[in-house]
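Have a look below at one chain only, the form predicted alone, in structure tokens format.
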Amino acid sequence: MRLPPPLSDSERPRLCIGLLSGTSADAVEAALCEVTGTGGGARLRLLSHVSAPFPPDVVARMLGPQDAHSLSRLDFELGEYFARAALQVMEQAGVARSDVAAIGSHGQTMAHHPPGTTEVPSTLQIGEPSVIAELTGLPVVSDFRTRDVAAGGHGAPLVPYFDWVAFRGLQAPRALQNLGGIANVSVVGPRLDDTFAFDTGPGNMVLDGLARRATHNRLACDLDGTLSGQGRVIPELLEELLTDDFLARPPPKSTGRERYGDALVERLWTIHPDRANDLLATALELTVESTARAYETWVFPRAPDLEAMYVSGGGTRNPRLMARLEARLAPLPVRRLDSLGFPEGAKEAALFALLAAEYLVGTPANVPSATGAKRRVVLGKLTP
């Protein structure tokens, strides 16, 4: 099979913008990066990062029930928000559109049904790339998950490739832990083939949903851990939640809102409608304990000489969550990703800048040891 020629020279710097709306669906994250080289020789430099919050009504519609009409409308509407964030990050950096090689847009995940959970695995991200291309005048690479799913993988996590390129240690392996809506870990060392990664369970998703319920949408999260800090863990409920079969399933594995989203929050609220802060304390402990058990069961046996856990994502801004995680995993050092010299808030958006840059030069960027795919494949689809 003859492959088409690459769209760019891997040795020339490529300016790319990464766009992401995470499982918390609260904002578009945009990162402008310069990428030089490819694969193990790739070097990435962050030039600019912005976070553009969605209006509350858009968040509510993203998290609410969908039909074909509402999903189609939301797809195009989100494309406009993503395009504005791309324009904003260029303006902040003082970079002309003509200097940018491509935009890499992950979009907003609306459905994720990986192998082992359904007869026909599938994944769906929206945020119409044609709208982004039209409003920015730039080519857009999108749909990064689908090719990995087609190759037999979960299409997630995608971040281990970025973690290996940007943060791998040359001596002991490192754990890069994301505490977004869903929590996931990448364990990276010198060789990409030794990288393994998986979703460890809920991150902030259950906490966020309960916080919205408890405050009648005044707060979108357990701000500074103040709500969970006023509650007490409900032991029997925590033990029930920890029996979830996803948590016991060996990697590769991925999950999403279908398991830890509004349906679970509704069930918890129905059981204890008068114990809001106790539910939040229990949800926080669920994140801590499911993460710790994932390390004890799957990470430590494969990486007994782990250097440290480096944490990114919204969970780093919850001091109670971070303190509990540090205590539970002691003596393993638990540090924020910033300690490696990269702002943790920009990490996931920068991932999609890197994936767009690798698409342009034809470099496969999935990690089969993490996703379960049969082979390495080039990720993404191009909208000129």
Ligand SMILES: CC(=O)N[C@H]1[C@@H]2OC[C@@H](O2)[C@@H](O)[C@@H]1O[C@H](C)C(=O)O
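Residues carry their position along the shown sequence, with the first being 1. Remember, predicted model here, so these are calculated numbers, not experimental data.
Another form exists, predicted in complex with the ligand; not displayed. Remarks below refer to it.
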_Heavy atom distance at most 4.5 Å to the ligand in the predicted complex, all of Ser8, Thr38 and Ala42_ = no
*Determine whether any heavy atom of Pro252 comes within 4.5 Å of a heavy atom of the ligand in the predicted complex, and answer yes or no.*
no
_Heavy atom of Phe352 within 4.5 Å of the ligand in the predicted complex_ = yes
*With heavy atoms only and a cut-off of 4.5 Å, decide whether Asn184 touches the ligand in the predicted complex.*
yes
_Would you classify Val188 as touching the ligand in the predicted complex, given a 4.5 Å non-hydrogen atom cut-off?_
no
*Report the stretch among 67-75, 132-140, 273-281, 174-182 that approaches the ligand in the predicted complex to within 4.5 Å, counting heavy atoms only.*
174-182
*Among Pro157, Gly153, Gly231, Gly79, which has at least one heavy atom within 4.5 Å of the ligand in the predicted complex?*
Pro157
